[in-house]
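Next comes just one chain, in structure tokens: the form predicted alone.
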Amino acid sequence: MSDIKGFKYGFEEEIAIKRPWLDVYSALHNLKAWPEYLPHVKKIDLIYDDGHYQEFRMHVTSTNGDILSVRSIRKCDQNSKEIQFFQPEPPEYLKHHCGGWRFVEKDGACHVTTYHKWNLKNEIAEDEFPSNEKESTAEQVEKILKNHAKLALSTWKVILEEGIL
């Protein structure tokens, strides 16, 4: 996992996309197109973008169908083949949330790894996702974040490999 200290929870997901790494990087860099291609992203309000740093408010559909609004700041570094983000205003049940994407070209494909780290706002998270006999609050939140990450990666794979973008 990427070396980000001070976080209690985290995961990584990887997918191989049969396109050059720069095509994949460019798709993830182009925030304005996300609502067109990612079903859970409803709207992007771009606040700042100089090509290297980006600040935006993203409106996404939650697991219960509500629209969540999160503010993100990204560092996009084409030279290191990585995009990093942190959310000064994450979903209300998270105290902190950060992560990114790494792009590695091998075996004729771009291997994209997304990584996420977070801390819970325990009282809010426990209220919204109460522990049950199957899953703890933390496990439910991790499942939600992983599902969104997997959905985004698999969607980008289809879009890029089928030439939609």
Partner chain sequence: MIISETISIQGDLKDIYGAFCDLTLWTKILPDIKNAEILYDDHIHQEFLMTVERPAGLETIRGVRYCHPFHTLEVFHPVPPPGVKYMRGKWHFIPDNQDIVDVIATRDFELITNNPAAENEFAEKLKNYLKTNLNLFKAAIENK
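Numbering follows the first chain given and starts at 1. Everything quoted here is computed from the prediction, not taken from an experiment.
Missing here is the form predicted in complex with the partner chain; even so, the following discussion is about that form.
Every member of the trio 74, 86 and 95 reaches the partner chain in the model of the complex with some non-hydrogen atom inside 4.5 Å. Partner contact region in the model of the complex: 49 to 57, out of 49 to 57, 134 to 142, 62 to 70, 36 to 44, criterion any non-hydrogen atom within 4.5 Å of the partner chain.
In the model of the complex, not one residue of 137 to 151 has a heavy atom within 4.5 Å of the partner chain.
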